[in-house]
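Let's start with one chain on its own, the form predicted on its own, as structure tokens.
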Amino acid sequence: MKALVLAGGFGTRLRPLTLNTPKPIVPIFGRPFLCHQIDLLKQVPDVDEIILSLNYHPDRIEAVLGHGQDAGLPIRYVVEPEPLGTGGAIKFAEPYLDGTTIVFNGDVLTETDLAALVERHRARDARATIVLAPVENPARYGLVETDGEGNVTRFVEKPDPTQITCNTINAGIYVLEPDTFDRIPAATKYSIERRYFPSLVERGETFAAFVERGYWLDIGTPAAYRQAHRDIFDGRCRTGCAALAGPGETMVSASASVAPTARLLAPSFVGPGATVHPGAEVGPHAVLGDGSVVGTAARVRDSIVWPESIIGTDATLDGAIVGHRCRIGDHACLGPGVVLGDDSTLTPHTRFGEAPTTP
């Protein structure tokens, strides 16, 4: 069995963070995001290869993940000549799919039991099975309706209040049978959500639903990316990253340097080679990437600092995300929602957002 991860998007919603770092390898507690999905896929005994469908900066993803030496499963790279959409990407990878296939959107953080998903697919002898996630505000999403036997019956795009008949949305995880891919045209941009799935319903083919009531999050925006870290910190999401983050705890890498007078407030994470200077305060909900530096009396709260960035003396980060190799000047102040791309430099006393002026 093959697992196909659709990871060819440009990550536009996460910009500027994804201008140099493709979304599949943005760090979650210092670990590439895609590694979480690989961990999930390894739970399915029949999966013998992971295929990554890529288009944007594939060389950078391959440089980080290799060919599965550290993942525990072989990784194959399939690079689209141009973005082909979700269905087009599946069709492009079809020559490498030799049977029942798990398909995973490359921006989903979840605890879905994939082995149980495959078991349900096979028990129903389904042509396709889709994971659905219940949401609190269904008006924000396209909805997926099911009948009493768990069959998908209808897709409702951007419903108005009179059309809301359920609260389940497409969670971006599927089990598919490749003999249904004949309806997808080759070398053509094609949407699995708008065309392939409705065709299953129209033809009366067995199209099963698997409702995931556990944790599920699309990390594709800065706010959601930061929320993913909070959820792991607080134990709402129990992933392989949780072992690194230690839900509710402060985790400090053995190679990090923390001054005796610095304060680490739980939960927080200090990565390898990071330095926290005297009088600094890190946390709660703060992540310091590899080799980052927090200056004397600086404060980093509810923020994510990517590797090799330097936070100046008496600077404050509160609800911000800072990319690789940034330089935050002394006494600068970054508030909620501020996102800095790689190699940004802020001069001393610069202020962005609504961060407080006092500790």
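In case it trips you up, residue 1 is the first one in the sequence shown, and so on. What you are looking at is a predicted structure, and each value in this text was computed from that prediction instead of being measured.
Just so it is clear, the following notes concern the form predicted in complex with a small molecule, a form of the same protein that is not shown.
- Among heavy atoms of Gly85, some come within 4.5 Å of the small molecule in the predicted complex.
- The small molecule in the predicted complex is not approached by Pro198, whose heavy atoms all lie more than 4.5 angstroms from it.
- In the predicted complex, the small molecule lies within 4.5 Å of some heavy atom of Leu54.
- Among heavy atoms of Val270, none comes within 4.5 Å of the small molecule in the predicted complex.
- Relative to the small molecule in the predicted complex, residues Leu6, Lys23 and Gly142 are all within 4.5 Å by at least one heavy atom.
- A heavy atom within 4.5 Å of the small molecule in the predicted complex is found for exactly one of Tyr225, Phe210, Trp216, Phe207: Trp216.
- Of the residues given (Val287, Ala89, Ile232, Val276), Ala89 alone sits with a heavy atom within 4.5 Å of the small molecule in the predicted complex.
- This chain is displayed without the small molecule, yet in the predicted complex the stretch 165-173 from 165-173, 67-75, 255-263, 117-125 comes within 4.5 Å of it by heavy atoms.
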